[in-house]
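Okay, here we've got a single chain as C-alpha cells, the form predicted on its own, with questions on binding and movement later.
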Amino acid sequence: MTHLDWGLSGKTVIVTGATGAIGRAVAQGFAEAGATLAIVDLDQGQCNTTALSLGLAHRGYGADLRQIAQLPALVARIESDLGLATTLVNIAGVILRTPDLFTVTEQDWDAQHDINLKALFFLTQAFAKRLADSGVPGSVINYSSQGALSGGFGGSVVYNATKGAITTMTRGMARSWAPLGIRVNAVAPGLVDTPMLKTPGQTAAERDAMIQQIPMKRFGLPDDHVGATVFLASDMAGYMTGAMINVSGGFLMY
C-alpha cells in the first residue's frame, strides 16, 4: 500500500440518500478520489441530475429502498452498468419529529424503521452477498448519529432508536463478515445544518442555544463528513472494522 493513496480509483461505490445534502457531498468526495458512483435515492430525476453533476461516468438509480424484494435486483443492475460495487455507503434516512412521545403512532415508528434500519440491513445483505460470491473484499459505511448515544432531542427519540440499532448492527456485521474481507464501519454526524436538523417553529435563539453546546461553535456542514467517509472506504483504513467515527465538532466526545 502506498500511503496517501486512497486506492479507490476505478472502484464502483454505491451511495444511498445521495441527492440529499450529506449524500451529495460524500458522492462528490468519492468522485474526486477516482471512484465511479451509483447515485441511489427515491427520485430518478434527481438521481440523474446528481450523477451528471459528477461526470458522465456516474449513474443515477431511483429506488424505493423499502421494497426489500427488489434490492438484490438493484445491486445486480448497478453491477451490470458499472461493474461490481466494492463500497456501499448507507446515508438514506428519514426523521419524523414528535416532541410528545405520547403522540407517536405505529405509522411514525414503521416509517422511520423501515427506511433507516430495515432497508439498510437488506440492501447491505444483498451488496455483501455479491462480494462474498465473487470472493472480492469490500467496505460498508453506515451512517449513525450522535443521537445513538445521547438519545437525541426535539422529538427524535424514534429516529435515534434506529441509529442506535445501526451502530450495534454495524458491529455485528463487522464481526460476521471480517473473514470474507468485508469491512463495516460507521460515521456518526452531530448537529448538521441540513433540513433534518430543523423543527417546526424553531427560533433563532433556539438554534443559537444548540450551537453553544458545540465546542467548535458551529453546526456541522455536509462537507465535514466527506473525509471520514472516504477514509473508511479506502485502503488507508484497511485494518479498521466495527469502528464508529464521531464527526460532531465535539458535541459528543467518545
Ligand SMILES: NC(=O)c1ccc[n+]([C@@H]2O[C@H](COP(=O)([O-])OP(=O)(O)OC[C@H]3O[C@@H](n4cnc5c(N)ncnc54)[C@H](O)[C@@H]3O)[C@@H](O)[C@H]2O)c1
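Keep in mind that what you see is a predicted model, and the values were worked out from it rather than measured. Position 1 is the first residue in the sequence shown; the rest follow in order.
Although it is not shown, the form predicted in complex with the ligand is what the next lines describe.
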Next item on the list: Quick one: from 82, 75, 173, 115, grab the residue that has a heavy atom within 4.5 Å of the ligand in the predicted bound form.
Entry: 115
Next item on the list: Find the only residue in 33, 54, 191, 226 having a heavy atom within 4.5 Å of the ligand in the predicted bound form.
Entry: 191
Next item on the list: Just one of 102-110, 126-134, 176-184, 143-151 has residues with a heavy atom within 4.5 Å of the ligand in the predicted bound form, so point it out.
Entry: 143-151
Notebook entry, point to check: Candidate spot 66, 92 and 163, all three in 4.5 Å heavy atom range of the ligand in the predicted bound form?
Noted result: yes
Next item on the list: Verify the contact flag for residue 243: yes if a non-hydrogen atom of it lies within 4.5 Å of a non-hydrogen atom of the ligand in the predicted bound form, no if not.
Entry: no
Check: Looking in the predicted bound form, any heavy atom of residue 22 within 4.5 Å of the ligand?
Finding: yes
Item checked: Any non-hydrogen atom of residue 42 within 4.5 angstroms of the ligand in the predicted bound form -> yes
